[in-house]
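Before any questions on binding or motion, here is one chain by itself as structure tokens, the form predicted alone.
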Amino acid sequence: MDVRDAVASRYSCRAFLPTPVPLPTVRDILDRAARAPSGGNLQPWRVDALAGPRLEALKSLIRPRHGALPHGEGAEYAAYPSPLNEPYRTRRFAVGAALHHAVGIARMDRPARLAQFARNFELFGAPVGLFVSVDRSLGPPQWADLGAFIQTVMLLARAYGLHTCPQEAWTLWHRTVSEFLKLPETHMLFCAIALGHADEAAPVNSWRSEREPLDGFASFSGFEDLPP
């Protein structure tokens, strides 16, 4: 798959088929993703990949505790600043409205919204969960490197016809996940990535988030002085 097609076809998949993903495929994706850039070649990523009974064991620890949402165990980091200024606040609420509209959840139906949110912790039915953590001693530049790694994982998944969903929501259960994975105390859970085959018939996968037009976030100068 051409990288341009991989970028264009990637989306946050929220309904997966139970079709297994072979271990060699997962290994190849992660091995190739390690070529993602990192300042000073620090490579600040750690990945714990779970599937089968091991993944189900983790989900079974969290499933009975969905009633504690949306707070869970308390996130280790804020996914969004507070207050969230414009235009970011409007974008965030618009994408949430589009998601809920796709699955028929009314804006004021808080129980239904929380039930949909709880599906994060089922990995939306994905057969593979990639749990990404980072050393606590590292800072924002290394978190940016981590983002480049995660994006590379998701694009490589498209080469296999697979889809993904990056999920910062898992930080709400960071204590349970860290203990289950036996993460070193030096490491912080950053997110999970659901990986598998998309259920293309699911309504929740039928919409796409909007993007700002190019000229709304980029400017160009000096090109007029270059030869054609």
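Keep in mind that what you see is a predicted model, and the values were worked out from it rather than measured. The first residue of the shown sequence is 1; numbering continues from there.
Not on display, but discussed next: the form predicted in complex with a small molecule.
- Only one of the listed residues (Glu168, Asp31, Glu200, Glu179) places a non-hydrogen atom within 4.5 angstroms of the small molecule in the model of the complex, and that residue is Glu168.
- Heavy atoms within 4.5 Å of the small molecule in the model of the complex are found in one stretch of 67 to 75, 103 to 111, 116 to 124, 81 to 89, which is 116 to 124.
- At a distance threshold of 4.5 angstroms between non-hydrogen atoms, Trp173 is out of contact with the small molecule in the model of the complex.
- Looking at Thr25, you'd find every heavy atom of it more than 4.5 angstroms from the small molecule in the model of the complex.
- Proximity of Ser12 to the small molecule in the model of the complex falls within the 4.5 Å heavy atom cutoff.
- At a distance threshold of 4.5 angstroms between non-hydrogen atoms, Val95 is in contact with the small molecule in the model of the complex.
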